[in-house]
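So this first bit is one chain, no partners, the form predicted alone, shown in structure tokens.
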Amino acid sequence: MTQLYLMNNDSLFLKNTVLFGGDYNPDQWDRETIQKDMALFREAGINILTFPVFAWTKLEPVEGRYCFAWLDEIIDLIEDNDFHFFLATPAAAPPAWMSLQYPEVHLVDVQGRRKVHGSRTLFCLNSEKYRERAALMAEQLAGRYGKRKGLAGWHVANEYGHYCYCGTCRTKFAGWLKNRYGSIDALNRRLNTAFWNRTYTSFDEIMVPSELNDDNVCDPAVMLAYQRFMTDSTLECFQNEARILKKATPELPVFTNFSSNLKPLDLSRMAEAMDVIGWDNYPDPGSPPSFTAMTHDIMRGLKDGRSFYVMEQSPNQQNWQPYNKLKRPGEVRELAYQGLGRGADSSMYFQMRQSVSGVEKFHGALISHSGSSDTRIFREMKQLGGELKNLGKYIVGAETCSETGIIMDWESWWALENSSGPSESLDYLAEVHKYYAPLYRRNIPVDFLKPGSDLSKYKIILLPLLYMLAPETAERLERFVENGGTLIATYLTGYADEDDRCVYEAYPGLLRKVFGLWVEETDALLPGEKNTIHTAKREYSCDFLCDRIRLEGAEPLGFYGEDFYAGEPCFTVNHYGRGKAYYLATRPEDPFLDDLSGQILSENKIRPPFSTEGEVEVSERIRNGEQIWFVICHDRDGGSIDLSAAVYEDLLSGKKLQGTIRLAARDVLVLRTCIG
């Protein structure tokens, strides 16, 4: 699965290089500043830049009149300094002249208001004029720069994820529905439009779900259809440019950068059109390391385990949090190696030089407003750049191997959070993290899978809140258990079909036989309200939701301790074929999940690679059969790792290590087995 792209001179491009650099905005600076920046980039070990992401007007100041002389100079200078670059199409921020001449290019928001020229990503994804001009710009860039020796790939637009509710989108949505359902009768049946008399007699009557009709909150089936439609519209918008760039340079990767807000688009669908996944890693300062690790693992899963690019992260403070904390000493390095250990082939940043004004003027950068290399962050980035020079030959394109998988489904995410009930506290991604974290804490690698993924290589599969269940997915899961796999599902599994129609048989619907039970009713607990789980060994607390379940062959392993359903089962296992299917009818506290994961991992003979103490993260990548381990101490009090009698080389320090190694807070080791 190693990703290798050919340069125009037919040599393998950066085959052994970890990409280190990021977003640069030379359109904002004079030549003297840019010359200084080149020297600072060399000093820091930068090897790649992304530009000109927001320079459409400078490239095309008047419709059809292109000005590339300034960009020619920049690219000449970058190549003279031996840097590579991702050339970005400027499609995320259309120029003011387009807004004036073609106001229909601007999106209509969920409140029904047509936006005007201003911020980025205010364009309608389905505007034919927008797509026409974006395609022409892509043709110009591909024709002029496609053979440049420093070109590493194409970066299309920037952080897609917005929706539009205009007349053009309404017309295309109606066509999309007709294509999906075939007839208006089928649409009415599948979306149950008889509810509240939303019945349509023709596709001309279709409206977009917005605040003008409240369908965005009161008709979850239509809202789900619109979310699918907006993903498809975004995919078409990307491909409108990507096809041109790929045709001109088939040997180079074409991709976009996914936002750290993962929800708006089905990224598993978007990934189908990308040569490589690029994403922007901006963890909330309060997020635990396990959440950031999970998002990296999700990105790796989008292309079935292939490595990906971290295109943006902050060299220092962000600027959009309510309180924008500085990165603590060593934190930039800690976050960089976490991404690399979980499948990234790059550690790239927004931004290279801090903007002098605008909404992101206080966002951190390699080069701060001082313009000096004598800053804490510059020194830390320079250290990182020096270390990464030697790592590429060991990790670029390397794989991560796992026997444990989590099925993540964007459409179940949307449908659950569109629903009125059972609880407004429902946060799909937080729930997924709750079941990922016990495996993370044990340093067990996890693959994120699509509902249609091949499960044959896995021993354990988790189904957190797989609310919508297609027949083919249910069959695949049933075979997995029959063949000896261990399946773990939670509340809100198998409630609905692909159109968010609740099943007419009891939940978990198509998996009822596999789990050997059915759900009679579900109680939503108030914030702060708890129940208890009583097992043969101990008592645990639980909260959020409590299913009342009826057993049909499943063995009860835990029982509720409170309320009118005290004594009823809430944790079960069903032996099915050669495997086991566990069902969690309520959300247990973390110690329960730690104990359960330990038991199930032991049963399946899955063990962590090393014994650790404290919050020490260990991840593994394999290239050409050689294992490389990334060891990161997230514990502020320090931790340790036991390497036993084997001898390892730390690729960062060159030291030979064995036995128990003490680690200070934010320490990083990159280990390979010593040979001979």
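Sequential numbering from 1, following the sequence displayed. The shown structure was predicted, so the numbers you read here are calculated from the model rather than taken from an experiment.
Same protein, other form: the form predicted together with another copy of the chain, not shown, and the subject of what follows.
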item	value
Partner proximity in the predicted bound form: Glu529 to another copy of the chain, non-hydrogen atom cutoff 4.5 Å	yes
Glu475: touches another copy of the chain in the predicted bound form, heavy atom cutoff 4.5 angstroms	no
Partner contact for Gly301 in the predicted bound form: another copy of the chain, 4.5 angstroms, heavy atom	no
Residue contact check: Met207 to another copy of the chain in the predicted bound form, 4.5 Å heavy atom	yes
Stretch in contact in the predicted bound form with another copy of the chain, which is absent here, among 365-373, 580-588, 140-148, 602-610 (heavy atoms within 4.5 Å)	365-373
Residues Arg228, Arg479 and Leu663 all lining another copy of the chain in the predicted bound form, heavy atom within 4.5 Å	no
Partner-contacting position among Lys325, Lys263, Arg243, Arg269 - heavy atom within 4.5 Å of another copy of the chain in the predicted bound form	Lys325
One residue of Ser541, Thr171, Gln383, Asn319 in contact with another copy of the chain, assessed in the predicted bound form (non-hydrogen atom, 4.5 angstroms)	Asn319
Residues from 105-134 in contact with another copy of the chain (non-hydrogen atom within 4.5 Å) in the predicted bound form	Gln111, Arg113, Arg114, Lys115, Val116, His117, Gly118, Ser119, Arg120, Leu122
